[in-house]
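So this first bit is one chain, no partners, the form predicted alone, shown in C-alpha cells.
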C-alpha cells in the first residue's frame, strides 16, 4: 500500500500501554509495542509487512508486552530491535523477550542492539524523519536502573525510559515521553536540549508515578509542558487501569498550556462513570483497542508528518464527543479550575 510522502505517525489505542508507529515510503518504525495484539492488528490493517526498526523505550510490560508476538509472527519482517539494558527488571516477560531476541539474532533474522541514549540517536532515522533520543543522557544510560545519580537520587526503569523527539524535514512533530520520571526530566532539562513540539504524548500515561505527591505530579507536568509548549497533549490510557490521567497532572498541563487540546485514547472513569450507549462516530478507521467495548475517547491518533495539525480524529469531533459523553471530563474540569484561580490569565499556550 503506497503512502503519500512523508507519511504518518500513529499513537495507538492499546489500552493501558504505549505504542507508536511511524509509516513513510522509506520504511516503518515502531516505538514500543504495548501489550496484547493491538499493534499487530494495526500493522496488518495498514498493510505493513516490513518493519525497519523497533525501539523499546524501557522494560515495562505495558511498553514491550507485544514484542514476543511480533517476533513470532510470520507476517512481519523486522530489521532490528534497539533497547537499553535493565538488570533491575527481573521478570519472566523481560527475560523471555531477551532470550527470544538473542535467538533471532543468532539465526540472522534480526539485528539486536543494546544501547540507546542521546549520544546515538541518529541511528534510528529514516530519510525524511529524524528521531532524536533526548533522554536518557549517556550518563543515566551508563549508570542504569538500581543505581543512584550524582545527587544520590535513585535511578529506576522509568528514569532511563527513552524519550524521543520526532521531526520531519527539520520540523518538530511530537515528543514521545515514554515513562519519563521527575529525575529523568531534571537530567533532560539540564542538557538544554530544545524539546519543543506541537504534540506531546505524556509520560507514564498521566500517572503520578512512584511515590510522587500530588504537588510534585503537578509540578512535573508544568515543567515538562513549559519545555515542550505543546498544542496537543495525548494520554495513552486504558479505562479501568490505575485511574489515569491523574487530575493533578491534567491541572499542571493546563496551568502551563491553558489552550492545548487534551485527549485520551480511552475514556477515563474520572470523566464518565458509564460508557456511552451509542457507538462513537468520531473514531477513525485505524485499529483501536477500546472500540469493541465502547471504551474509546479519541481512540488511535493518526497524525500527518507533513502537517501535524492534521490529526484524526479532529479536535472538533473529539470535543463534541466529550461534550456529549464525558460529563465530568478532566480537561473541562481542570480548565474551569485554571480559570477560577486565574492561573491562565496571560499565560502562554501551545504554538
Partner chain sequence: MPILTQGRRINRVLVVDDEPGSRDGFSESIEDLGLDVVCEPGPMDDPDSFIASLCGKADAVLSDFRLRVIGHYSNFDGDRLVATCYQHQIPALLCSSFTDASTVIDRSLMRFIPVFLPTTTPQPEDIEAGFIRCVEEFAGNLPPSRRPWRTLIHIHDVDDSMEGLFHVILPGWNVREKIPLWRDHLPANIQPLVQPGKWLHAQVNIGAEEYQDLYFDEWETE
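Positions refer to the first chain, counted from 1. Predicted, not measured: the structure shown is a model, and the values here were computed from it.
One more form of this protein should be noted, the form predicted in complex with the partner chain, which is absent from this view; the next part is about it.
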Checklist entry - At the 4.5 Å heavy atom threshold, is residue 93 in contact with the partner chain in the predicted complex? => result yes
Checklist entry - Can residue 27 be called a contact residue for the partner chain in the predicted complex at 4.5 Å between heavy atoms? => result no
Checklist entry - Should residue 242 be counted as a contact of the partner chain in the predicted complex, where contact means heavy atoms within 4.5 Å? => result yes
Checklist entry - Taking heavy atoms only, is residue 75 within 4.5 angstroms of the partner chain in the predicted complex? => result yes
Checklist entry - When the partner chain is placed as it is in the predicted complex, which of 256-264, 85-93, 104-112, 276-284 ends up with heavy atoms within 4.5 Å of it? => result 85-93
Checklist entry - Within 4.5 Å of the partner chain in the predicted complex: all of 167, 302 and 317, by heavy atom? => result no
Checklist entry - Within 4.5 Å of the partner chain in the predicted complex, heavy atoms considered, which of 46, 306, 312, 37? => result 37
Checklist outcome for this item: Applying a 4.5 angstroms cut-off on non-hydrogen atoms, the residues of 292-311 near the partner chain in the predicted complex are 292, 293, 295
